[in-house]
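Here we start with a single chain on its own, the form predicted alone, put down as structure tokens.
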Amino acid sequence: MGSGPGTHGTTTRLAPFGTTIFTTISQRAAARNAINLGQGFPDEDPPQALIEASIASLQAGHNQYAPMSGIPELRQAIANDQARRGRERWHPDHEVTVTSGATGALAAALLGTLEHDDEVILFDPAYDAYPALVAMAGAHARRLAPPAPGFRITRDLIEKAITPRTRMIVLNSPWNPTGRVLDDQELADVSDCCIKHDLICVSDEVYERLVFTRPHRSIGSMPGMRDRTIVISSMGKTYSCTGWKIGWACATGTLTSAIRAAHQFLVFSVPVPLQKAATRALNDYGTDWDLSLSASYGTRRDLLLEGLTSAGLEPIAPEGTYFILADITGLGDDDDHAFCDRMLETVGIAAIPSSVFTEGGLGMKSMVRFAFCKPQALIQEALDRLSRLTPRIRGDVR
């Protein structure tokens, strides 16, 4: 028998994480009719051809379960797309698994490969799903904090954190929320540590096409890394369809077996009509789409960078993703949560306090994350509002 009402609530593994900040901020933004530069979803539809492809699939009777690993034509399209962009060549039948978004791929990867009490290295600031999924798997996060504003990952930083229980490194490049695109030296350092200590690398690459300064390189393509890397990506960010939740994991056969062992009991399969549309996207929207996407978001990035600077903040120019970190101390603030509250209540702009991406807010309490995956007119309206946010006088009551 339980010892009281508290024993019937959220498990001790998940209770510390509470409700995700993205849910909280988006709810508050909607309640105040604020401009939401917090949660990273585009305010635009995917190409009409993709919508029509999903409708055609529904009307053609594709309304039952898909194969657990994904429909064959989508797995082939994913493999072809990876090869087209110079990545590893993955076998569509044995090394590609279609999941419920990238988060579904991450969950399956961690639940399928981690043992109880394993340790997983995360780099802060880290997407908030990572530590929660590590906890769900019964493992422990070792959170490393490369110093701002460079956020460079080094071999020395990693080596000091590795113990006999270390099983995995989770990598995110392009990196949400920092905007970093890891360079070849960083990828080499991570690779060398993985090989030396026999570690798995889970590589979250959902922003792989949203780059501005240099191309993204997958760590799975580094020497010696193919057999120990799980490469994860999705449709949502590239084709403005985050609500479709179509993602995938590419990995060698042994790791794919582990991923599928968990995936089959998480969701089993994802909607066939949306998989059909995803196939169309990967087959028909190639290099020209990628270049157009980067150019469009690059223009929005520059607009937001200039506006944040004019408003008195100190933004860090991102190399990839569609997020900008900005230091708020120029407006007299040093608490990211308080600043986001003040900005939302006084001028109607929602953003994300960056300390939520860290363990205990380490090094990030004076930074806020803004999303620029919005129409230019909406970004400009947000900047006009932000210009009316007066600096806080030191000593103000919060």
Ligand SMILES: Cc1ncc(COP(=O)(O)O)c(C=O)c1O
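Residues carry their position along the shown sequence, with the first being 1. Being a predicted model, the structure only gives us computed values, none of them experimental.
Unshown form predicted in complex with the ligand; subsequent notes refer to it.
Considering L182, A139, A326, A102, which brings a non-hydrogen atom within 4.5 Å of the ligand in the predicted complex?
Selected option: A102.
If you check K237, R75, H263, R301 against the ligand in the predicted complex, which one has a heavy atom within 4.5 Å?
Of K237, R75, H263, R301, the residue with a heavy atom within 4.5 Å of the ligand in the predicted complex is K237.
Counting only non-hydrogen atoms, choose the one of 94-102, 141-149, 255-263, 79-87 that falls within 4.5 Å of the ligand in the predicted complex.
Only one stretch qualifies here: 94-102.
Applying a 4.5 Å heavy atom distance criterion, does D204 contact the ligand in the predicted complex?
Judged by the heavy-atom cut-off of 4.5 Å, D204 is in contact with the ligand in the predicted complex.
With the cut-off set at 4.5 Å between non-hydrogen atoms, does S191 touch the ligand in the predicted complex?
Heavy-atom contact with the ligand at 4.5 Å: absent for S191.
Closest heavy atom of N172 to the ligand in the predicted complex, within 4.5 Å or not?
Heavy-atom contact with the ligand at 4.5 Å: present for N172.
Using a 4.5 Å heavy atom cut-off, state whether T113 contacts the ligand in the predicted complex.
Although the ligand is absent here, T113 would stay clear of it in the predicted complex, with no heavy atoms inside 4.5 Å.
Is it true that Y130, N176 and K245 each have at least one non-hydrogen atom within 4.5 Å of the ligand in the predicted complex?
Judged in the predicted complex, Y130, N176 and K245 all sit within 4.5 Å of the ligand.
Suppose contact means any heavy atom within 4.5 Å; which members of 35-55 contact the ligand in the predicted complex?
Nothing in the stretch sits within 4.5 Å of the partner.
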